[in-house]
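Just one chain is shown here, as structure tokens, and it is the form predicted alone.
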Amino acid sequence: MATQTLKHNHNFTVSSITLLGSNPPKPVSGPLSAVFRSASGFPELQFFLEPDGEQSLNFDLRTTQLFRLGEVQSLCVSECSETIKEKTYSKGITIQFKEEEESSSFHGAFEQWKREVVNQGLTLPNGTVSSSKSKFDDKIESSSAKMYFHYYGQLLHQQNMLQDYVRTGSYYAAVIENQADFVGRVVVDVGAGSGILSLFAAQAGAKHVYAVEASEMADYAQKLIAGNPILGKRITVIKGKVEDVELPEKADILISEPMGTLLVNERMLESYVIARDRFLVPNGKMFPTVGRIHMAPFSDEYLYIEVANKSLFWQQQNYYGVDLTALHGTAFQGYFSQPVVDAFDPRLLVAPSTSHVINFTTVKEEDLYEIDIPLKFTASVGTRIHGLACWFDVLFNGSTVQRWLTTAPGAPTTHWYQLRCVLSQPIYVMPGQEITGHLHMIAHSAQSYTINLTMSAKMWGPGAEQGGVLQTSSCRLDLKEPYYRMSQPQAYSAAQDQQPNQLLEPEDLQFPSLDEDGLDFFQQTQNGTRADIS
């Protein structure tokens, strides 16, 4: 991005201004001095309300707009400028000029400063934000982004994540156990939220931490960090998207919590990769370093019946005199288009899992736009397969300790739970029968993915070597619209379709992890234990 620093101020005289935030509006008589400058570290418009200059009204030009109300009158508005009792308000004034020529000159200076300073970007000591349309804005629809940042701008949702002690404790351990990676280093916290990871990095001895957060949570993070002054003096909060902000120095290490449901939901992994490309020094560290999506077929008669029965409402032929059955088929498919998010018993899995590896240090942003995962399993039992179960884990590849954070079934439950894609048409398998298919995920502009799942049961028994497929079932799901079913695993019942002791036991489950070349990548570990990196 091109940078430019304006070396001189622009001074104007206005006849009067009226403060619109007062009730009633408060006029301030002039003549008053108005100055465009960047002495405060960001481009601003300053109105001096007293001749001695001790009292002034300042507008941040990055969020300010100017409108003509007439030949000699204008309206100046700055978005979200005043915070009173935890509520944020815009700030506005009307400006009265003596002559139309003065008004035109003032508007010309305003446009020049907006164009040269804001659009091109001003080099600032604590980072700056470009107002030009970003890569994020190009690929994400504005309504989705607005809801996303509103959600994460609320303390109650941050509390929900902080109280996930598996998540928060794993991050804390990964940082503190690897202080050698943080001591004296510059850290960038990508999507800092409440700032908790920035504070962890400071505890571990970071030289300086830049906490980048685009939502209103940045203001709360600033308060939290200010409340911990010993650590806070080494943390700078920057409000903006990582796609837009500029930092005064490169980072030795990135830390972030970019994982969503099924690892990729919310598409924050792309922002994590963009931050890597923009801010990380060559061979810098990333916490987390690697993510893996694990998948296995499952059998759950109760879940299938529960989903299917939701559409029974639409089978009514006399609903207040109306026949609803014309919509039953659509409703039936609609319920099966929702991924099920819950914590399930791992004994519902009917084959060892396979995995797909995403190495955050090398993956390209574009690789995350479309993810195609081939599936191949061998059934351990004879049963009906109702779909594909998925979960993920991430590795913090520290120099001292390699720590995993897992969301696997049977492990301590996290706020991510697990995810299951339920087929509207189950498939039947026998022990030893091969199951193949594809999990194809395509990113969309609502910050999520469309999931296309196909599962097939191949020929089995004598003559199976001739190949062929006996049954195929497929479904399309929207990861953005899951069915949140429950928060804890239900007590397992053997009264489902399988016979007692037919299902896999937890000790029978394997979690192989293959890299892109099909070679062993990591040694699977339990949550919170060490892993060897080959």
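All residue numbers refer to positions in the sequence shown, first residue = 1. Remember, it's a predicted structure, so these values are computed and weren't measured experimentally.
Same protein, other form: the form predicted together with a small molecule, not shown, and the subject of what follows.
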Seminar exercise, completed: Residue within 4.5 Å of the small molecule in the predicted complex by heavy atom, from Glu257, Asp342, Asp252, Glu246, is Glu257
Exercise. Ok, Pro426, Pro346, Gly191, Gly291: which has a heavy atom sitting within 4.5 Å of the small molecule in the predicted complex?
Worked result: Gly191
Problem set entry | Exercise: Phe313 in contact with the small molecule in the predicted complex, heavy atom 4.5 Å | no
Exercise. Closest heavy atom of Leu162 to the small molecule in the predicted complex, within 4.5 Å or not?
Worked result: yes
Exercise. Is there any non-hydrogen atom of Tyr172 lying within 4.5 Å of the small molecule in the predicted complex?
Worked result: no
Exercise. Does the small molecule get within 4.5 angstroms of any non-hydrogen atom of Ile196 in the predicted complex?
Worked result: yes
Exercise. Which of these stretches, 448 to 456, 320 to 328, 434 to 442, 183 to 191, has heavy atoms within 4.5 Å of the small molecule in the predicted complex?
Worked result: 183 to 191
